[in-house]
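Next comes just one chain, in structure tokens: the form predicted on its own.
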Amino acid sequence: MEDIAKKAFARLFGHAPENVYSAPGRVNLIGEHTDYNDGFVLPTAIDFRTWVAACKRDDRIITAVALDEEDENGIPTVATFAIDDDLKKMDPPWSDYLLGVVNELKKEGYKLSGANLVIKSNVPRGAGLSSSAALENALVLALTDVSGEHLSGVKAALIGQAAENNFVGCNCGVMDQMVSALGKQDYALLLDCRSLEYKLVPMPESWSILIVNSNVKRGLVDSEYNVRRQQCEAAAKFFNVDALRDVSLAQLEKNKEALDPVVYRRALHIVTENQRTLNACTALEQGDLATLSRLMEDSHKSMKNDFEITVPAIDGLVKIIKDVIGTEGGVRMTGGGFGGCVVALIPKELEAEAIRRVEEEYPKISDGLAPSIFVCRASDGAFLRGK
């Protein structure tokens, strides 16, 4: 993919790029919707990435070509704008991420140069693997480096999050951008989304990360994501705390009758999911797959019953894999919900059988949908690999 970006850049602009930058997508092992509640998450960067080939310009113009976003004639779409303009939404729609990143970098006082960019990605889109964070981090890294500016991975993640919140219009937490920036090969990353403190947790070599895209169209995810966030904020307001991170299970249960039943269930998921995530980190460190299996199973049940973000096809897909791995592995839905992906941590010796069963049985429970299956490895983040 990197070579594709380089060759396309040379073809489009008549010379080689100065550098190619990249950032990975991610999969969240456990800790769903806890990030914007100031809680804990346990994601890992994956070996699917977005690349940005870049070269500085002498003027104040940014021109970007997205090789994966074609018009009706099959031609890659282009976004061109002046850095110093009052940036507004424009066509093509993917340019929201670029414009948002530039806007936030300007707000933070970074002195940007004009640039030519070519973007290429193999992060599956619409699957909950954070193609948006990969794009944001790759763009931040490319735009600051060609301009001679420098920033940390944490700062880059915050800029990417702000771009998505303020310009794109999705009120995401910071998890996706943080692990895309700071992940490490063969490690998961336990992140405290309040303090942004993190630690790397080794992944046992004998386990595989299996990601299965249900290919269920996720038409509700953006609107329902924002609704869930509002419900969580309502619960936090009830308890007069900054976020549900500050609410204990005992507090929640004591006030159950005073809360709106739906708000209670949303809060119950967050409060219990935070503790599950911390427990999962310990299990991962100890190589305790049986405990990790139970925690991932409980996480999925909570997403289904309390947070109500799964769909029947996803629930069925989880069951298919669970029937293969039993307590020897963990499986759950991952991502925003309403479709998307399932993630499984399984012994490598069960990998082939799990894949066979998914390919055979999933179409029967999903109106003929074919799954997309990825065996992934934990990967380096954008600011660990550098360029």
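Note that the structure is predicted; figures quoted are calculated from it, not measured. The first residue of the shown sequence is 1; numbering continues from there.
The protein also exists as the form predicted together with a small molecule; that form is not presented, and the subsequent description refers to it.
- A heavy atom within 4.5 Å of the small molecule in the predicted bound form is found for exactly one of Gly316, Gly114, Gly173, Pro76: Gly173.
- Out of the listed residues Asp35, Glu361, Glu351, Glu69, Asp35 is the one that sits within 4.5 Å of the small molecule in the predicted bound form by at least one heavy atom.
- Although the partner is absent here, Gly31 lies within 4.5 Å of the small molecule in the predicted bound form, judged by heavy atoms.
- Contact check for Gly335: a non-hydrogen atom falls within 4.5 Å of the small molecule in the predicted bound form.
- With a 4.5 Å cutoff on heavy atoms, Tyr225 counts as touching the small molecule in the predicted bound form.
- Comparing 42-50, 59-67, 342-350, 23-31 against the small molecule in the predicted bound form, the single stretch with non-hydrogen atoms within 4.5 angstroms of it is 23-31.
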